[in-house]
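So this first bit is one chain, no partners, the form predicted on its own, shown in structure tokens.
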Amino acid sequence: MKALQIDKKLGRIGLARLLSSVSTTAAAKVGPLELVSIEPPALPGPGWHRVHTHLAGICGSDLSTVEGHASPYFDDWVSFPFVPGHEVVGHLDDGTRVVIEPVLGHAARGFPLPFDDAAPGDGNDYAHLTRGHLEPGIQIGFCNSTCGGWAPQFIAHDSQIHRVPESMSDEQAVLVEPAAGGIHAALLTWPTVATIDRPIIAVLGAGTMGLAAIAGLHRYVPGARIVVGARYPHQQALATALGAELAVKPDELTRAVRRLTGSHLVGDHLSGGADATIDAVGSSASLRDCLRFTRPRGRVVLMGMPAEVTLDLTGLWHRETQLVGAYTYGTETMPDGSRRRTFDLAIESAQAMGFERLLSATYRLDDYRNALAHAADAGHRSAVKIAFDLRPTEKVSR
């Protein structure tokens, strides 16, 4: 079968990193991603299924890998060569339509669960991610043994499979995985704002993940007043449609938070600020800004993948700010004390909140260079999510 595959070729990775400053298309032409013919992966044993891809999204971590900017931290947690694609809707051999919770958790790797009914992403030890009967890999889409959604088929374990309701379109379903990531980040603000009647929560960045976080805050964090820094007009419109009270340009977010909270400006920090902030960008500049307009003893949830950052942490120390990472999803403790699987919440939310509006364009697999260029330039082109369409009879839309 034809699939898009990434191999660890250091020369190609370095060249892609160099050319990515020119264009993603140039990086894709010379980088570690290639359209190749491969054999479908074998089923490792009972409980495994073959999944036939319908739609597979392109996310920021995929682009970082293609452009040669992925952090070397992950080198020991993945196995090359791998086929990317972890935002996937498809069908099983029996025709059942499914979305995939891509984390290769304890059950998929043949280890006991950390607790009863644990989700793949649960647990306090990541040793299983590099052990068991699979090659190392944090998720489907980063593991040589499983393949990923940028191919006509891949394999997934029972523990990763979620049936799609008949009333849910493929266009909604391919956004379930990003929705789960956004909901997880949103709920990580709750411990800090639980005792506040109308907490002010800022979100910096309104790409797919920022918008998913806004939807999660609106739907699952009671009374949240959401203020968003969004670069483009279409992002601002979507942010307010998904529940933000106010959406402004990123360089206006400090002023907006100051106005809402009645804080003073002391140097370049607010005296008070947002009760919690979600950084959906993940850069030195974005994290620096979030620390400046989050109140003392507030919480910054780092949702964007940061790689290497350089910043002065004196303010974090002085203000006793909590800095918390938000990676994937699992089992959530809800504001009412109940426990829910993030993916169950995401399936409900993607359908109820019309997440299909975030899918801006689809491309065939062999048109991957244009697809990647569109995804990398999504904001400028008034787009949000770009995906590959591997359905044999469906019309591809741009």
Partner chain sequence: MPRPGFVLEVDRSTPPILFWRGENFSLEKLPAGRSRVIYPPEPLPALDDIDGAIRRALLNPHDQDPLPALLFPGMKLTIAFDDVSLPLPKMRRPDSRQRVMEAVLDMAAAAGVDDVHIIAALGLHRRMHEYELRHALGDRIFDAFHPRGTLYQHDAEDPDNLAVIGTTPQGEVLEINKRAAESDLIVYVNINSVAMDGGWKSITTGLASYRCLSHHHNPETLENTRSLMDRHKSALHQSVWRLGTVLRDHGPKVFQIETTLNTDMFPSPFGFINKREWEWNVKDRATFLATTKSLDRTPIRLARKIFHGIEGPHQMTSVQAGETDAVHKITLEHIFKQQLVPVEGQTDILTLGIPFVCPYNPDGVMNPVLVMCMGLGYLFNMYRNKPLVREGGVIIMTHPTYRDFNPVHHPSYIDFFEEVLSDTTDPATMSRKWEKKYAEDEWYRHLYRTGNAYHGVHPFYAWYWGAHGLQHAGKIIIVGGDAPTVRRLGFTPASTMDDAFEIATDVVGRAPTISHLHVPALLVADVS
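Predicted model only: the values in this text are computed from it and were never measured. Positions refer to the first chain, counted from 1.
This next part talks about the form predicted in complex with its partner chain, which is not shown.
Which single stretch, out of 281 to 289, 173 to 181, 249 to 257, 144 to 152, brings residue heavy atoms within 4.5 Å of its partner chain in the model of the complex?
Heavy-atom contact with the partner occurs in 249 to 257.
Non-hydrogen atom contact residue 263 with its partner chain in the model of the complex at 4.5 angstroms:
Yes, residue 263 lies within 4.5 Å of its partner chain in the model of the complex.
In the model of the complex, residues of 76 to 101 near its partner chain [heavy atom within 4.5 Å]
None of them.
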